[in-house]
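Take a look at this single chain in structure tokens; it is the form predicted alone.
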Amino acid sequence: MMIWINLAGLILIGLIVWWFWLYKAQSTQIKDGSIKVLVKDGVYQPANITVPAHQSVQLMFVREDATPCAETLLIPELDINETLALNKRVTVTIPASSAGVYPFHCQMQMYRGTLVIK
């Protein structure tokens, strides 16, 4: 019995290490001026988005996750704060910006992503 408890603990520790330190979120580059971002299962899909500098782009968020945390999108450095309606497309326009790395997240920072402007 004791071996099963220890084995379950080791598996749980392994999953925690994978999720917080080893997991690499899906990445993509915008080429045509817009992209769809799915908010589902606790993550943004894709979570790492690369866009060209000095060019306005549109991120189309579709929230399929009903949790309250998924309702708000914040990109603090670009002064963007949007409410994402459940199962509806919400278009967020990223203004032409200088090169840099801009994190985006929900209000509790449980959902996280990165906008890379090159």
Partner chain sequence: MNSKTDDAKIHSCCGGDKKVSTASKAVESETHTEQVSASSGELQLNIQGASCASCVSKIEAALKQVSGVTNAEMNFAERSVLVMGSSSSHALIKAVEQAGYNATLANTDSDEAAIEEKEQADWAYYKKLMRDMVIALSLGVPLMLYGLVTGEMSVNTTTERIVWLIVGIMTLGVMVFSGRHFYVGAWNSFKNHAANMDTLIALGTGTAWLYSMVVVFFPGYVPEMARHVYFEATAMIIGLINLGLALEIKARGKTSEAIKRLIGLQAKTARVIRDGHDIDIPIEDVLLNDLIRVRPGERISVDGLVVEGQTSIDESMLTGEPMPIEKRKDDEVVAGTINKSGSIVFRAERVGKDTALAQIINMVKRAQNSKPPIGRLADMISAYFVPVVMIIAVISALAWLNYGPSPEVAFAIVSATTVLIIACPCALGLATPMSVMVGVGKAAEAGVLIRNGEALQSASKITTMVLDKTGTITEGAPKVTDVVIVSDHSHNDVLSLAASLESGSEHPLAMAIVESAKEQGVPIHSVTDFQSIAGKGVEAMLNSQRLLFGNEKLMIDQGIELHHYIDKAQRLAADAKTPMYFAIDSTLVAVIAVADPIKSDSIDAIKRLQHNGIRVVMLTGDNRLTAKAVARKAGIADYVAEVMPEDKANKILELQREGEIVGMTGDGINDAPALAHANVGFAIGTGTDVAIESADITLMRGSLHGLADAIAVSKATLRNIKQNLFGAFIYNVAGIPFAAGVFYPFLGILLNPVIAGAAMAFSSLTVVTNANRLRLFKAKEH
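Residue numbers count along the first chain shown, from 1. Worth saying up front: this structure is predicted, and the values here are computed from it rather than measured.
There is another form of the same protein, the form predicted in complex with its partner chain; it is not shown, and what comes next is about it.
(request) Using the partner position in the predicted bound form, report whether N81 sits within 4.5 Å of its partner chain, counting heavy atoms only. (result) Within the cut-off, so yes.
(message) Using a 4.5 angstroms cut-off on non-hydrogen atoms, would I30 count as touching its partner chain in the predicted bound form?
(response) No.
(message) At 4.5 Å between heavy atoms, is T50 in contact with its partner chain in the predicted bound form?
(response) Answer no; every heavy atom of T50 is more than 4.5 Å from its partner chain in the predicted bound form.
(request) Spell out, yes or no, whether the shortest heavy atom distance between N87 and its partner chain in the predicted bound form is within 4.5 Å. (result) Judged by the heavy-atom cut-off of 4.5 Å, N87 is in contact with its partner chain in the predicted bound form.
(request) Sequence order please: the residues of 84-118 with a heavy atom within 4.5 Å of its partner chain in the predicted bound form. (result) L86, N87, K88, R89, Q107, M108, Q109, M110, R112 sit within 4.5 Å of the partner.
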